[in-house]
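One chain comes next, on its own, written out as structure tokens in the form predicted alone.
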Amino acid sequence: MDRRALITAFAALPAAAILTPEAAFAASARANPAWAPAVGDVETDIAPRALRRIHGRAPKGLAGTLFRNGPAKFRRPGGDAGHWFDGDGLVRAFRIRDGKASLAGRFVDTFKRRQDTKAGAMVSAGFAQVPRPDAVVRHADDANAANTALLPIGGELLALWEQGSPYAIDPVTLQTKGLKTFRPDLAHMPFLAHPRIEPDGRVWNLGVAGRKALVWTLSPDGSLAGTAMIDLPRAAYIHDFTATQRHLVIALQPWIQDRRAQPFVASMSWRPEQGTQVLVIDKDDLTKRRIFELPAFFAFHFGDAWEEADGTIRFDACVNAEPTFAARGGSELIAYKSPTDHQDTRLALITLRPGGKAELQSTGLTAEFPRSDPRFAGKARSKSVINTVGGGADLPFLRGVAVSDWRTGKADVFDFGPDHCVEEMLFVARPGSTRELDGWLVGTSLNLKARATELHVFDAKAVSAGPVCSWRADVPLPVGFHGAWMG
């Protein structure tokens, strides 16, 4: 498949005032669920503002910015988004310095957002959104919501989606600089929202279209180091992948794109009889590959993989039995309905043996958004940072944070309680330390009772003791997806 054919295939895929506490409450009252503000609309950018410290003190040595991304505009007078994944991306900056914290946020100035704003409706293509007849759909980036994750590199902050180019953001002002094209012939090519970053800053990523994938390699300064096209055994849905020091590890679950249809989600079929394949590719020679077979599972997210001395590869995954949330639940969520056919996502360890045997061992722990110490990316490690506790029909968001230890099988858990929707937590190393998870977890939650977003800092070695410091904003922001720390 050449560049033009890949772009054509991808083009067929989906692509004012802040929400005040009063507006959030009104939306909640109309819709019934207490968690309605978690998928509420933000109407304009968020002017810089100080956060109020409500607990503890900021640790000495902690200074930097937690950047977060996520959808924050779903509804317009002429028509709403079709899925949680289709909202406009809002980049939020939580800055910590000298014991104080502040918040600012700006929507990514995408073509999609401009087109929808002008139409007064969500007219663009999306994950679960059929484009209106008058919508412009020239290539994948016309549907690019830039709403999923962030990559700080080369002095820029890249807002990532899944099926199109990154958007470059100024990390100081949060102003959108435009689409990031690493080379003219790579314009509008897919770039996944979950690149793998080696400890030295080198980046690996994939761009997936059907049974083809573009392997991206970026240098630590953000320049393009190389690209290569590879064949995949199946046209599986790939939101995330993982990597060891020597290998790319790609899970090919049996949610298969087996037809051309709009919206994108309608082109997928769940085929559990095919099982899940794990493709392992040598980074130095992409023609060297192995395939491992596992029973069928669905997963959005994987933790960093590592390879042991005998060649055994291990990595963590947050797994479901089926893709029910992707297929239906995300659409129900923004309609203020608890997702039907709810399934808890469980933390599991996947092991790939040198002889070709593969194993999946579930911990039974409810979990999402697995993260680890980035200094150990691709190297042997023993701990995973996860969101946990909750996720039922009454509160379809997780409300706790934990560090799970693979050696002991135990988890150090803190539960915020049913009034909180907890977002992904990131690890920040203590200055001068080289030990795994010696530092802090930094992340946010939406406090439904206070109708406000909060910023929290945990000692990563004592999560169950609760936050060592928390700040509160004067606004509730909808729950987002992923973030990045810039010191």
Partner chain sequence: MISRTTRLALLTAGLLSFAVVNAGRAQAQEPGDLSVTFSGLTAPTGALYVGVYDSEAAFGGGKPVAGERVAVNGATASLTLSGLKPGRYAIKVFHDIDGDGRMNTNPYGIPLEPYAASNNAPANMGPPRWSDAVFDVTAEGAVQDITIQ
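Quick caveat: nothing in here was measured; it's all calculated off a predicted structure. Numbering follows the first chain given and starts at 1.
Quick note: we don't show the form predicted in complex with the partner chain, though the next part is all about it.
In the predicted bound form, the residue from A187, A119, L360, V413 that sits within 4.5 Å of the partner chain by heavy atoms: Here the answer is residue option A187.
Check each of V401, A213, I250, A159 and return the one that places a heavy atom within 4.5 angstroms of the partner chain in the predicted bound form. Of V401, A213, I250, A159, the residue with a heavy atom within 4.5 Å of the partner chain in the predicted bound form is A213.
Does any heavy atom of F127 come within 4.5 Å of a heavy atom of the partner chain in the predicted bound form? Contact with the partner chain, yes.
Is it the case that G303, even though its partner is missing from this view, gets within 4.5 Å of the partner chain in the predicted bound form, heavy atoms only? Taking the distances in the predicted bound form, the answer for G303 is no, it never comes within 4.5 Å of the partner chain.
With a cut-off of 4.5 Å between heavy atoms, is G178 one of the residues that contacts the partner chain in the predicted bound form? The answer is no: G178 has no heavy atom within 4.5 Å of the partner chain.
Does at least one non-hydrogen atom of P131 fall within 4.5 angstroms of the partner chain in the predicted bound form? Contact check for P131: yes, within 4.5 Å of the partner chain in the predicted bound form.
Check T276, V278 and K379: does every one of them have a heavy atom within 4.5 Å of the partner chain in the predicted bound form? No, none of T276, V278 and K379 comes within 4.5 Å of the partner chain in the predicted bound form.
To test your reading of this chain, name the stretch in 401-409, 203-211, 69-77, 387-395 whose heavy atoms come within 4.5 Å of the partner chain in the predicted bound form. Residues of 203-211 come within 4.5 Å of the partner.
Using the arrangement in the predicted bound form, list in sequence order the residues of 260-289 with any heavy atom within 4.5 angstroms of the partner chain. The stretch 260-289, when checked against the partner chain in the predicted bound form, contributes R260, A261, Q262, F264 at the 4.5 Å heavy-atom cut-off.
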